[in-house]
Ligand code: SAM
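This document opens with one chain alone, in structure tokens, the form predicted alone.
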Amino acid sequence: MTEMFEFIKECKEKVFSGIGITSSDVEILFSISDQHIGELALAANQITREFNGNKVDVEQLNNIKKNACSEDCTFCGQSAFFDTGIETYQLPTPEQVVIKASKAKNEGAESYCLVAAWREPSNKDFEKVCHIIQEINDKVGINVECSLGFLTIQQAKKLKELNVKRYNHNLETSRSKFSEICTTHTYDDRLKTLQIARSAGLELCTGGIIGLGETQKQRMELAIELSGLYPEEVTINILVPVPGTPLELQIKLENLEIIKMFSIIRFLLPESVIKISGGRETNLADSGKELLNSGANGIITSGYLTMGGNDSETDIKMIKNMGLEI
């Protein structure tokens, strides 16, 4: 017991010194028993405070195009391959988005992410999204982020010109698990999109979903892959099984495994925003409070792509009651 405590402390000191932990260290951290996860979480929290202070990054999403997507991601309620019965709609008007972006800003959100359910934007749709972004810039003044699927370098550069702060494109899971989750595109397609966004000067937001039936080793693979991308933000979702998808009967992930994942990512990426995303209200009894003391320093509030969530007032009250800052 003392030996593992000392190992966690040693890993923390490597992070503080700038050396960083090795893949061998990561493997040992993922193998620790439940009785040591509290110590791991405490060390991750200390790393968070040292590199990021007490600030929590609060974000709201706008699913600007909810419709039958051409990709067969097995967790997704928006895929055309599955009958999930969700409401669908096409791109809204800029005026409609501006109203929602203004509301998000007034409710304390630091960033506002525009998300569209498609493989990639057509030229016509991309122009519409660019117009929406310009209207938000002119009339709201909030950090705009985008998640629009695969991009060309020209599209990525245009988003940069429009002062889009970050581009989100999740890896979803580890390379070894990916073919079980999606067959209509590859893991390398996703990595290429992130490379395009980075080359255009956009900050990166990437992450994945845990609880897909992956092994602990596969979660470790994902964590290491993410750390090699040096993203400014990592977003970790916890699966909420959607009726009608192949994962509708997936067994819920243990909370200690969730804490372990967030904590180890903090060791790997001490300066990044690590954001608790979809599934926190459903999978966690405290809506993420414990994770905000275990390496996380960001949340998405007021709902997700196909499901609701806590309202911003509830989340901001939680953050302030913890002694943290917006």
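What you are looking at is a predicted structure, and each value in this text was computed from that prediction instead of being measured. The first residue of the sequence shown is number 1, and the count goes up from there.
If you look for the form predicted together with S-adenosylmethionine (SAM), you will not find it shown, but the lines that follow are about it.
Taking the partner from elsewhere, Tyr112 is found to have every heavy atom lying beyond 4.5 Å of S-adenosylmethionine (SAM) in the model of the complex.
Within this chain, Glu172 lines the site of S-adenosylmethionine (SAM) in the model of the complex, having a heavy atom no more than 4.5 Å away. Heavy atoms of Trp118 reach within 4.5 Å of S-adenosylmethionine (SAM) in the model of the complex, making it an interface residue. When contacts are judged by a 4.5 Å heavy atom cut-off, Asn237 counts as touching S-adenosylmethionine (SAM) in the model of the complex. Heavy atoms within 4.5 Å of S-adenosylmethionine (SAM) in the model of the complex are found in exactly one of 143-151, 130-138, 197-205, 223-231, that being 143-151. Think of it this way: in the model of the complex, S-adenosylmethionine (SAM) has a heavy atom of just one of Val97, Cys76, Ala104, Ala156 within 4.5 Å, and the residue is Cys76. Within 4.5 Å of S-adenosylmethionine (SAM) in the model of the complex, a heavy atom is found for none of Ile258, Lys275 and Ile316.
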